[in-house]
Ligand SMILES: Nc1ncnc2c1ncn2[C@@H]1O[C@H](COP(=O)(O)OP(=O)(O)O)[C@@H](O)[C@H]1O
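A single chain comes next, written as structure tokens; it is the form predicted on its own.
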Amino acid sequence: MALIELDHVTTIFGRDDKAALAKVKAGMGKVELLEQTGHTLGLHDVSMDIEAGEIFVVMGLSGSGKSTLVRHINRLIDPTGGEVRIDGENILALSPKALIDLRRRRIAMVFQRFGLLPHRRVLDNIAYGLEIRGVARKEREATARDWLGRVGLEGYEASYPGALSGGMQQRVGLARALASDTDIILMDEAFSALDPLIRSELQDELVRLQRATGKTVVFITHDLDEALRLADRIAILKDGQLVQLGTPNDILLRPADAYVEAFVRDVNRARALTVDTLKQPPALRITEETIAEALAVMRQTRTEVGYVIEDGRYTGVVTRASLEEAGASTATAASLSEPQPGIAADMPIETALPTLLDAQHPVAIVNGSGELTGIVHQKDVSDVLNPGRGAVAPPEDERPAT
């Protein structure tokens, strides 16, 4: 079961939202609804699941409904129709007391304009969520000091928010959310007011802290580069409707419609996509085979290069030409290995490009233990980075049966 579920959520702003909802269900669109009734359609029949422990990014242009959506999760806004569930419980049915408890113990929020209390010291701002929960001063201040150090602001305990830069204030907001130790952190355009360099640093900081804590982060942005950098999955909204939900690779390589395609057209694919996008199954492995044995396999499979494995680790390549040149030698094929660097699957293509371009053979993909997990053909790089010049094949499990 997903941690957060939105089930056919529709949200209409206006005096008689229930009557307007009936018109929407009868087929009236956003523009027509506004013209005829003066009501605004914020979300239209949105359903999505958010898994525990993921960074889930909701993005879209201004007016797409993304901020409305995130405010349903802590019920700052109630939908006109549909359900919002956390751990299977419909939070729209919670009593006022239960709702307060949900907000205090399970959900924290980081705001675009920081949302700090200007009359309180930094330490007290970070400890605020624990304070309203009733945690003793000594314990909450110890927790706040820990998180102050983890976001790089040790030494600023006694400062007031007005004495900090925008990036530092946002670090305080992030520390406050994390110190509250909630399952869910909502972030609404949290970095959009910051300078590009500070924004990039905080994006990296968020990913690092989220991986360390396992929190579920729902992040709202209008910036596709930010979404691609942060997200495990991305939901794209347009005029209150969900138009695509998928991984960053899904969004970039298989846009659902012309709207999403226009969104991703100018993205730096080399920076946004990882080597895993180019991964092909491991090719011929060479271990202890004799030259004659390795040559026989290469000729049978019409393979020109093999990947040498010693003690389970990739060490280099051996070519059919070098084996034929060695002739009837009694040495193993692996002894003729030529060094060729491997690359990691999670490496951005941009970072891997020098290795890919310098290599004379398809490049090995290796994991943290040095094991061969796949290869990259240089010709695939051009196809992925220049989609207009070649189609991107879907994964094998998405291809139609033949």
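Quantities reported herein were computed from a predicted structural model and do not represent experimental measurements. Residue numbers run from 1 along the displayed sequence.
One more form of this protein exists, namely the form predicted together with this ligand; it is left out here, but the text below deals with it.
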query	finding
Exercise: Ser335 in contact with this ligand in the predicted bound form, heavy atom 4.5 Å	no
Exercise: Gly65 in contact with this ligand in the predicted bound form, heavy atom 4.5 Å	yes
Any non-hydrogen atom of Lys30 within 4.5 angstroms of this ligand in the predicted bound form	yes
Contact of Ala52 with this ligand in the predicted bound form (heavy atom, 4.5 Å)	no
Proximity to this ligand in the predicted bound form (heavy atom, within 4.5 Å), stretch among 372-380, 36-44, 359-367, 344-352	36-44
